[in-house]
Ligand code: HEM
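What follows is a single chain, given as structure tokens, in the form predicted on its own.
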């Protein structure tokens, strides 16, 4: 249809749910193509993989984000009215708000807060028989993200906010009760965040001017109007949620250190190895399976017709592990990042293109900074044992992690 090969069957929703990280790339290989047409949730959809299609995907004159995400994702993971659903000048202006939070000093301040949290948590880890790393890091990052963003967080609500923020990214793609738990968490978090926004506007709260809470509460869109409290709440959660979600990358990094122990010594000997190591974790370990857009108006690309209104899914994980871009793509080789200039379309763990103009996640720098800080702590500040446990990644989950959530035992200060 329209010169684009078609996947087998009437609708591919179940196939995608069963294999979220492999469905698009595997279907493309079977059809000997970079893209194919199918239905997802009964809607006509074009699925694409690879750096060339990624570059086409980020042509904003052809593809837009408005109305592209399924409602169940909008009402759980992303919220409604946020930057992810904007296009053109409105998107670029709102993106400036987020980019203003990503200065070197601000990212370093968040890293320092997380390291302080690690120093505070480590003695408790030493006193316990074992710790579940994912649970510990989620709580730490909830505390750190709120402190950094200027969001007051009472001790009594730490566990609740941690669970709610986790539900947004961990349960959004689930079916049944877990998905509804994510939607309930979204509802409660938006009410909480909207109250904070209003308190700043009323002068009851006075966070620092460089904080996310102050910047979002006082931001004016292109029409010169303040964001509505609900939209401002969505955007505040677009700072807190992704920061807590870095806990997944951190657990995956700990998993990589365990599976590739030679890298522990390399990281101890040379701090300059930290960034290649965490970049390889971000490349090889699955996180988000795909991103969505919608065809703005009919166009042709390499002889293929894209009809107006079609949803387009870009395969993130398949692009990050595409053999046309990466040698031995399924092997863990951090050294590949030493002397390679990576294009913004072949390495897209958090979206592709330009951070300022496109929908590439500005929180990417926070993810890298936090992963480097935690990895450095794991190899330089503490020793620990990894007991027998099921460390296979659950690739049917979104995002995939070991069932055990990575258990550490006999944690002790490094001598």
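Keep in mind that what you see is a predicted model, and the values were worked out from it rather than measured. Numbering follows the first chain given and starts at 1.
Keep in mind the form predicted together with this ligand is missing from the figure; the text below concerns it.
In summary, the region of this chain contacting this ligand in the model of the complex, judged by heavy atoms within 4.5 Å and restricted to 353-361, 29-37, 44-52, 380-388, corresponds to 353-361. Residue contact check for residue 321: none of its heavy atoms lie within 4.5 Å of this ligand in the model of the complex. By the criterion of a heavy atom within 4.5 Å, residue 164 is excluded from the residues contacting this ligand in the model of the complex. Contact check for residue 58: a non-hydrogen atom falls within 4.5 Å of this ligand in the model of the complex. This ligand is not shown here, and in the model of the complex it never comes within 4.5 Å of any heavy atom of residue 63. Of the residues given (334, 242, 150, 79), 242 alone sits with a heavy atom within 4.5 Å of this ligand in the model of the complex. For the options 113, 74, 279, 238, the residue carrying a heavy atom within 4.5 angstroms of this ligand in the model of the complex is 238. By the 4.5 Å heavy atom rule, the three marked residues 91, 98 and 287 all count as contacting this ligand in the model of the complex. Residue 102 is the only member of 102-120 with a non-hydrogen atom no more than 4.5 angstroms from this ligand in the model of the complex.
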